[in-house]
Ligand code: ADP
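Next comes just one chain, in structure tokens: the form predicted alone.
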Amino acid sequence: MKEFWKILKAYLPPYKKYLVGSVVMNILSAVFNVFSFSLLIPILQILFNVGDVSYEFIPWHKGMPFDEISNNVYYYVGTLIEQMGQSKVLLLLCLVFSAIVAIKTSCYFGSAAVLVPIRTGIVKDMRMQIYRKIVSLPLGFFSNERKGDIIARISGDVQEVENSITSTIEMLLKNPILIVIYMLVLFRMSWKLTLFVLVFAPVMIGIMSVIGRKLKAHSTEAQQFWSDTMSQVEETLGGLRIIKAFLAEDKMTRRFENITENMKQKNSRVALRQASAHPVSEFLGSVMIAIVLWFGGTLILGESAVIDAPSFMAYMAILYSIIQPIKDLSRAAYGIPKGLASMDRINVILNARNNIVEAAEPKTLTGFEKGISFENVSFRYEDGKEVLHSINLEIPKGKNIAIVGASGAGKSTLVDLIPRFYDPSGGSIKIDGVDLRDVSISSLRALMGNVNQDPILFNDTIFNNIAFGVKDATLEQVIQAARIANAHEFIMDKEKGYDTVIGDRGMMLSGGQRQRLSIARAILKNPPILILDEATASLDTESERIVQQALDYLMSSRTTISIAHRLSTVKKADEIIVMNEGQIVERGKHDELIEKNGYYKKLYEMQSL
């Protein structure tokens, strides 16, 4: 339960006023419920001539409050019977009873209604907290996590927290209030009988807690299968073209069936345990009622009865009403462990450590004046494998630097260190002589624009994709950037022009069109430092020519760092950095490197063949 209270403490404070309203409504609901049952006593006593029907009026404020109210109400009922007759008084009492029940149910509805903003608000706050954490975490975190698993946590696990934990808030507010008020009334009516009842109540609660502890373990496994299912769906949607090309539909279907079958079996066990909550509590409650009936009956039938029959019937009605709150608490004993299992999975993201830590008082970069320098930089991933070794490199302002090498040479890792997607394991990277770790991340990345091999576009309009990184961009600015990127013509060919929605990852556009939008986005941002990661590698000859024209304009007035596999695209670079196995093995212009007859020439000749 410690984890449960920790969750409430973290998410409930903004909704305190709703909690107060719910408590007030629940108290009123319980009080009016007691009043409704109290009417049974005079009805039974006076209308059916059971017990002592004579009541003397007690002056107000002369006795105990409960005694005054109950005695004087019964006195007035007796007076009315003498004046109006039994039939009319019966009708009047039924109308009063209905009115009290109507007020009670209205209060009950009100107590539930004021909790709706808490439930929906906590779920929204939790999803926003997870999303903010996701976008703040470094890229290294996601290399070890499956996208489907993360999606499952922000969807299914949060939903389970709502169903299992936030729904219990109502139970925890309402049920203790009902139980306390009902127990006070029961003690007032017969303390001996109530003490006898209290002997059996802990037995039922104990059985529920034992079963609830077992439920959490099963729930954790069930949620893991849900994550596997989401991962399988995400992989299928991303690789549908390959699945069809290799006739692997049946294979993938069998994989999915195995995962869903395991999830079905685990969920069945969880559901069976949850389904047992009601019948078990129903049985235990009925047993308790039967025992109380026997014990209370012996008290009534004894020579010195401590409670009369009408009062005992009202007592039993109130006692039966206390059973439902106890049942609800037993359901909470099931729901809370299941929700805590989901919360444990959510906390994997929320408690993930962000290695990219900003300095306490970071320096703000207002421009790019000199250059970027790598000083004895090394880098290793969390698995311990070192991918960069003692890199020393100067990138002067305004220069076009190309980084080439075989796959796995460390090119992309080297470039990812510049915007601090990762931090070096050793050495330092400086911009204008200032260590990147001493610079604010936002001002550092504001100086940079990226164009990747696979254009990253969003399921939004063309306008919003181009203006993605620029606040308050105008249509004229977006059109100008699109013209420079050779994208304006194909955009205007669309029915809705710049308001055209391009689909998930821009799949409604061709590869060349997507890349030109990505370039237009970088042009609009107008960064002094441009990072190109194989920007034309996946394009056909005609698209490459058009895109290259846009890139030439983009590169003409800024510092450019480009990763290239096609060595023919880097002939004009001011300096080519040749990497192999995480080290710089050669550097120079194209012609100089060819003359050296080294590793670069070997790569160039292999591509020429």
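The numbering used is simple: start at 1 and walk along the sequence shown. What you are looking at is a predicted structure, and each value in this text was computed from that prediction instead of being measured.
Unshown form predicted together with the ligand; subsequent notes refer to it.
Taking a 4.5 Å heavy atom cutoff to the ligand in the model of the complex, the contact residue among Gly408, Pro396, Gly469, Gly497 is Gly408. Between the ligand and the residues Phe97, Tyr108, Tyr422, Phe463, the one pair within 4.5 Å by heavy atoms in the model of the complex involves Tyr422.
Taking non-hydrogen atoms only, Phe187 never approaches the ligand to within 4.5 angstroms in the model of the complex. Shown alone here, Tyr381 lies within 4.5 Å of the ligand in the model of the complex, counting heavy atoms only. Although the partner is absent here, Val387 is a contact residue: one of its heavy atoms lies within 4.5 angstroms of the ligand in the model of the complex. Though the partner is left out of this view, Thr413 does reach within 4.5 Å of the ligand in the model of the complex, counting heavy atoms only. Contact with the ligand in the model of the complex, judged as any non-hydrogen atom within 4.5 angstroms, is confined among 400-408, 97-105, 123-131, 148-156 to 400-408.
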